[in-house]
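Quick setup: one chain, the form predicted alone, written in structure tokens, and binding and motion questions come after.
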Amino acid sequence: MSDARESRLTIGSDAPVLSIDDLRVTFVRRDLDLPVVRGVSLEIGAGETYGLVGESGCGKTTLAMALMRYLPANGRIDGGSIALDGEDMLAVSRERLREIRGTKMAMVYQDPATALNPALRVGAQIAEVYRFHGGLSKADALERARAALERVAMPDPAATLRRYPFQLSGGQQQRVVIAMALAGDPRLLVLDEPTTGLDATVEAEVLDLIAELRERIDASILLISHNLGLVARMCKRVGVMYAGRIVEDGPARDLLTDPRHPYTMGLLRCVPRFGMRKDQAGLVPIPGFLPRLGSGLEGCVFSPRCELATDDCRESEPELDHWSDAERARRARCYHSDQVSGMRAAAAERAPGAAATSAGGALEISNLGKIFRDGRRRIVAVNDVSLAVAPGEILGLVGESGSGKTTLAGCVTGLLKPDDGSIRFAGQELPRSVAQRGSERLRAIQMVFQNPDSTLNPAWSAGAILGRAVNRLGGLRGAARRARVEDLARRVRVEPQHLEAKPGELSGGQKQRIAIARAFAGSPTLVICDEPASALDVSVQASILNLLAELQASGGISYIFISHDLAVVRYLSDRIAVMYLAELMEIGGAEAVFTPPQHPYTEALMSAIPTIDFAHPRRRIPLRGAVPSLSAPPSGCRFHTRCHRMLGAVCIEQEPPWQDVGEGHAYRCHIPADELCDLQVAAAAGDPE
């Protein structure tokens, strides 16, 4: 062991909790060595939260798995060191490693459903941690499990112990996983995309919980995320990873407001800032793709995609070194750090044109209702909803999970049969079932789902999938069909070679582009997008949002855009509708809905959005309690059980009236518009929480 490494493994009063030095990880596929992590070094101090960002495939999760010693059988650590509190993690025995996991370090995964055993009750799974690491009896371990759920603010922890994971919401499942991870009071907590797919309000609650628990147990945190706003809120320092390398790191505020590597700036240009609109400034996706695993990388790993690259960049790789003597806390792996700030101005000029909307409704929904039955329970999933979408308009539909957004979309497409109300499209009433709609209506109304894996045939090539859609929706065959497929691929920027690939061989962004191309195969009039970019990298998300805006502008297509990301909804939408517990709570122009007066529920949703705007932090409005059951909704105003502006008996006993703010903006609340505006303006002017 070298003297340098020995010094890194020595515990001192200011020694880091985690120290990774020149770590190299390789996967072996078909006898080929594929480097994934290429010489990564980083340190995390006591009680510090370190954020790790970058596109999918950069090596972030592989780094975390190497740290936890969870690499798959075809993965190996080729060199470097990992020290946890000075202990060499690459030299410990299997028995010692089992002791360390769950006591000194623990991990929370992206999808809690896959981390929990569906066949075991929640209590048994949490208690197992205490029985294994603490040697407790079954009864004592269950009591500790109940206390652990209380610790993570789980509603009714005793009842939760008796439930199975599938009986919990996504946010509740994540709380269970966090409770298990914290059972041994670990020194290091690794969080791998812990809030991806969660509602903005649930995400905010989980982040509040993590921040509170970090202070309580003085744990260090490695947070892996593609959500830059989340990283800005949680992290003291940030590292940016690309192609297995750390290309920049430094204090979070400095790095996210004044980046010194072109890749960091590229990530920031992909994010719609809160208040940003598609007709004011365009998103700028990072061109090209990540290098394939195992490809030879000469020079700077980012040079093939970098607009600042020169011959020096392509010939030799820069060191990760302090970019200036004045800021020793920051490092960047770039020859042109002093030119990066100029990239932002260039991005501001690239704004796609906005599509003009016209009067009259392409889609008119009147008093729509949809009821599900679960045994004796009657679940009203959509209750008396009326709204319209104009030709060439994007209507954003927001609300927490269970609010009725996807059910409403299913009724419009005919995949679900509404029980009440009517749906008119292009002046004619739509049959309630898709089976009763003719081919012309099927062509005109299309849907893009959140998960393309569940909607693309894994046995067919992308070209065959598009060809079938072109044939079924457009009636084209032979050369005309091939030409249409090629045109669709070109419009959604799918490379010709990817048409020969099956979905399993494509990235998430490429699969979603194929799904969008398929929806446009028959030149639709209305496209419903249900969370089409929620789980994608910021660069892929930016290209998808730009694509939807361009298709709207060029074709006059109408959209219903469903998302829990309100910054994205505000960027893309012309009007916004807000749903809560099956009912419409607010509707109006995009800017109006995000400006006081707004429904208290909208106000709380907006306050929960993580932002990278350090200069204008927002006051967080936590929502109290759990979302009520749709089978037994609250009386009066459905939001009164969680509302921070509840007036009293009137909210409990009487349904709220619609308050008309003007210019098509209205909300359902007992508080008049002028009074609510004064309250919200005064609250916004106060100090952020």
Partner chain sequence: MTFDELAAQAAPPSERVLRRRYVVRRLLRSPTFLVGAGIVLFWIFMALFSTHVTRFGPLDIDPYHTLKALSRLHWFGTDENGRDVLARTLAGARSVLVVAPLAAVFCLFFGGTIGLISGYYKGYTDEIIMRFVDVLLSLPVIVAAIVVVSAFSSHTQGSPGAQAAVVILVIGILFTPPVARTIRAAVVSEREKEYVQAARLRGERAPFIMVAEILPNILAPIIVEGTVRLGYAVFTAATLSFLGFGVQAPSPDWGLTISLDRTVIQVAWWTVLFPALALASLVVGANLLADGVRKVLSE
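Note that the rigid core is defined as the largest set of C-alphas that superpose within 1.5 Å between two forms. Positions refer to the first chain, counted from 1. Keep in mind that this is a model prediction, so the values were computed, not measured.
The same protein also exists as the form predicted in complex with the partner chain; that form is not shown, yet it is the one meant from here on.
In the model of the complex, none of the heavy atoms of Arg624 sits within 4.5 Å of a heavy atom of the partner chain.
Using a 4.5 angstroms limit between non-hydrogen atoms, Ser422 is distant from the partner chain in the model of the complex. Though the partner is left out of this view, Ala139 does not reach within 4.5 Å of the partner chain in the model of the complex, counting heavy atoms only. In the model of the complex, at least one heavy atom of Val434 sits within 4.5 Å of the partner chain.
Shown without its partner, this chain lists Ala147, Ala426, Leu415, Met276 as candidates; in the model of the complex, only Leu415 has a non-hydrogen atom within 4.5 angstroms of the partner chain. Only one of Pro285, Pro596, Gly588, Gly392 comes within 4.5 Å of the partner chain in the model of the complex through a heavy atom, and that residue is Pro285. The putative spot formed by Asn451, Pro458 and His498 is fully lined by the partner chain in the model of the complex; each residue has a non-hydrogen atom within 4.5 angstroms of it. Here the chain stands alone, but in the model of the complex its contact with the partner chain, taken as any heavy atom within 4.5 Å, falls in 469-477 among 205-213, 469-477, 175-183, 381-389. With contact defined as any non-hydrogen atom lying within 4.5 angstroms of the partner chain in the model of the complex, Arg518 is the only contacting residue in 516-532. If you fit the rigid core between this form and the one not shown, you'll see the Cα of Asn74 move by 2 angstroms or more. A movement of the C-alpha atom of Gly438 falling short of 2 angstroms is seen between this form and the one not shown when the two forms are aligned on their rigid core. Positional change of Asp33 between this form and the one not shown reaches 2 Å or more at the C-alpha, relative to the superposed core.
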